[in-house]
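Just so you know, structure 1 and structure 2 below are the same protein chain in two forms, each on its own as structure tokens.
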Structure 1
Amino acid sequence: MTSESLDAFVNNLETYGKIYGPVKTGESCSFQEISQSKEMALNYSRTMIPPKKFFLKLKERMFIFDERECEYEETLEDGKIVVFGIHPCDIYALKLMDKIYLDKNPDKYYQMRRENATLIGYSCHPDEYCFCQSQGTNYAVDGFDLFLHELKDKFLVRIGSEKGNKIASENSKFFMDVESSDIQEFREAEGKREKEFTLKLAINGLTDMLALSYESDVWKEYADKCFGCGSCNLVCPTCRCYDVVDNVNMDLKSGERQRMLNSCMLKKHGLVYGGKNFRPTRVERLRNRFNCKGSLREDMMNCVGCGRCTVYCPSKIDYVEVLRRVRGEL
């Protein structure tokens, strides 16, 4: 596809739902609804809040209830969306979220939104906080409908699903066959990109290293710096914990159930009935967080190397630095 066709192509995606793309908001970026491709900042590094927010909402009402009738009514909104411009790490993160929210006992809310969404990936260049290469998540093989690789004056477009194939055929007037010179350009661009990564983390055996470092002083040292503010979890594309609260109405009989994202860095996360807490101190919470991120979900690590937790930590706790300390490399 030529670069000039982008505008018209994005417009045509409207048939697949409201279009969301990375938009500059102050110093940060955020996935917001757009009406034209030029509203997007497609050369963005990362959004503060990952695209996970479309599927597992930051906060939402789940249902309203009435105790008198023993009834409840789900308040699912059902709208189709296109998420344009997702980077490979975030695509991997959604694949991980799918394992949690769709396999075995699917979460209705997540499932419905996931089915309603079209994902269009977009190529990126790493900054000093990206370590997706180390996590093996810097090139998305699947998990998207279409993926656009930006070349000099065109895009190389990969098709990742049947829906992607359908979109491509409906928009065939924008697409040209791939020439051998395109392949050459793509190969060179990818080769160059591989060399742009400066931040590295050795992940082999990391899970074991973490388990063996249970008593390490590293946890105390960083816990002293940590605010327990939860930002690291709330900006993480693979964090999946949520909290549920019931709000009753004045009649004391009816009300609503809400859920919102939660964080294992908060005191209440480990609180159980009877006032006991699994992780009363920040040392325990910080260690838990790193152990969770460094553990495996089937064949995938629970971190995709997006760098958000480091960037948005008010105390500048560096994710990679902590793990390198744990490994004894620093």
Structure 2
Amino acid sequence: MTSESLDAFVNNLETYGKIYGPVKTGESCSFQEISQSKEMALNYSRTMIPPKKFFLKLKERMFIFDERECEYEETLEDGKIVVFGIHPCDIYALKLMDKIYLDKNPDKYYQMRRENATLIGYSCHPDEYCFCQSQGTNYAVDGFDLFLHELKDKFLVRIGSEKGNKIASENSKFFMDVESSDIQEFREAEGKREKEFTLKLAINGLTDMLALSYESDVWKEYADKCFGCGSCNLVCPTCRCYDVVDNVNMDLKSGERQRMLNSCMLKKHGLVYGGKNFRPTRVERLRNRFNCKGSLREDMMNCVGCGRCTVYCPSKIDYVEVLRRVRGEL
């Protein structure tokens, strides 16, 4: 697809739902509703809040209830959306979320939103905080409907799903056959991009290294710097802890159930009935977060190397630095 065709193609995507893309807001970018491609900052490094916000709401009403009337009404959305310009690391993050929310006991709210969404990936260039290459998440092989790789004056477009194939077929006037020169340009562009990564993290054996460092002084050192604000959880594309609360009205018979994202870095996260807290100190909470991100519980690393937790940490705690300390490299 030629670069000149991008505007018209994006306009045509309105057929498939509201279009959201990366928009520059102050010093950072966020996915916002757009009407034309020129509103997007497609050269962005990362958004502050990841695309998971479209599928896991910060706070949402699950249902309302009325015991007297024997009424129960779920809050289900059915709006279709197109999320344009997702980077490979965030695509991998959504694949991880799919494993958690769809594989065994599908979450109907998450499932509905995923089915109503069209994901269009976009090639990116790393900055000094990106270490997705080390995590193996710098190139998305699936998990998207279409993926656009920016070349000199055109895009090489990969199709990743039946939905993507349908979109390409219905918009065939914007696409042309790939020529050998396009393939060569794509190879060169990807080769150049691979060399742009400067931040490295050795992940071989990282899970064991974390387990062996349970009593390490590293956790106390960084916990003393940590504000315990939970910003790292908020911006992380794979954090998914949530709490469920029933808000009962004054009649004690009606109300609503809410689900809201929670943070393992907050003291109340470990608070249970009777006032007990199974993770009362900041040292324990910080150590838990790093062990969670280094986990292979879903058969893939729970960190995708986007760098958000480092960039947006008000205490300037460097995620890679901590893990390199754990490995004994610093």
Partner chain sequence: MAKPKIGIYGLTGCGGDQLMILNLENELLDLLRNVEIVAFQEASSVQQDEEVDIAFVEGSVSTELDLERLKDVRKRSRMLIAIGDCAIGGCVQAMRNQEMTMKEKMEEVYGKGEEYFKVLEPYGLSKYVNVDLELQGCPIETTEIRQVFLSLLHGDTPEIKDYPVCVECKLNEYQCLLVDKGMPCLGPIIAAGCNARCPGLGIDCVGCRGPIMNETNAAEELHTLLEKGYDERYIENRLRFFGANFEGILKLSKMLREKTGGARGK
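Counting starts at 1 and follows the sequence of structure 1. Only residues modelled in both forms are compared. Rigid core here is just the name for the largest C-alpha set that superposes within 1.5 Å across the two forms. Worth saying up front: this structure is predicted, and the values here are computed from it rather than measured.
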Practice task
Return 1 or 2 according to which structure is the form predicted in complex with its partner chain.
Solution key: 1
Handout entry: Threshold 2 Å Cα movement between structures 1 and 2 for Arg68, core superposed
Key = yes
Handout entry: Did Glu298 shift 2 Å or more between structures 1 and 2, C-alpha, core superposed
Key = yes
Fill in the blank from the handout: Stretches of at least 3 consecutive residues with Cα shifts of 2 angstroms or more throughout between structures 1 and 2, after core superposition, read in sequence order as 67-72, 244-253, 297-299
